[in-house]
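To begin, one chain is listed below as structure tokens, in the form predicted on its own.
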């Protein structure tokens, strides 16, 4: 498995028990019960969606990019990937995917990364780390900024160069593309719909995404 394993969802949008639009630059936090399906739908194309997950029973056991990559021996996430926690326990599995490009190496943008990567005056620009911290501060599960975790940048195209470096390329997603997951246990989903304007991860124009949940 080295790239896209394309598989279409078998679920009907009208059967979803949750169907909402998350505007560009906004955060979102929501519980998923074991067996529920969760879809992120890229409404206008080329929109990075920074996302991480927490085990609801033991929230300190959050998503781990390292455990996920090592277990599947592949840096690319697509249909069949099991998203694992720091303990190695499976949290979710990707059940449908239409792009095959979901970065889990680059992390979330922050005021610090905006300043270092782009320019001093970019430090105060809206970023995903701030969205994550705002959502954590407002949640009722006892999570706080100390619980910030590694994340996945769904739909974000970050190829690894021959020299082992990372670069931000134009996205390969398009309007209507999606990724769908199944919760393998009760989890909390934390999202920042990326507001980044300094690289092509959002085609320099952040846009809304649609979030849907189906019962098991």
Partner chain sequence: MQKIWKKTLKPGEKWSGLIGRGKYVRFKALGSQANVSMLLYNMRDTSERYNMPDTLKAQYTSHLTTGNVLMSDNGRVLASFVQDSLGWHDTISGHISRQEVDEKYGVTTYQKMGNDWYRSGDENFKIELVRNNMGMRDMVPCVNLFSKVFVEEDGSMHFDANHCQEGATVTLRTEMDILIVLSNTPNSLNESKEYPAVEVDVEVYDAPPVDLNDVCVTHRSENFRAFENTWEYYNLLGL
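Positions refer to the first chain, counted from 1. It should be emphasised that the depicted structure is a prediction, and the values quoted were computed from it without experimental measurement.
Omitted from view is the form predicted in complex with the partner chain, to which the following refers.
Considering non-hydrogen atoms and a 4.5 Å limit, does the partner chain approach residue 108 in the predicted complex? Yes, contact at 4.5 Å.
Any non-hydrogen atom of residue 130 within 4.5 angstroms of the partner chain in the predicted complex: Answer no; every heavy atom of residue 130 is more than 4.5 Å from the partner chain in the predicted complex.
Evaluate residue 125 for contact with the partner chain in the predicted complex, applying a 4.5 angstroms cut-off between non-hydrogen atoms, and reply yes or no. No - in the predicted complex, heavy atoms of residue 125 and the partner chain never come within 4.5 Å of each other.
My question is simply whether residue 82 lines the interface with the partner chain in the predicted complex - judged by any non-hydrogen atom within 4.5 Å. Taking the distances in the predicted complex, the answer for residue 82 is no, it never comes within 4.5 Å of the partner chain.
I need to confirm a contact call. Of 113, 135, 95, 99, which residue comes within 4.5 Å of the partner chain in the predicted complex, counting heavy atoms only? In short, 113.
If contact means any heavy atom within 4.5 Å, which of 24-32, 55-63, 178-186, 40-48 contacts the partner chain in the predicted complex? The contacting stretch here is 55-63.
Give, in sequence order, every residue of 39-76 that has a heavy atom within 4.5 Å of the partner chain in the predicted complex, or say none if there are no such residues. Contacting residues: 60, 61, 62, 66, 67, 69, 70, 73, 74, 75, 76.
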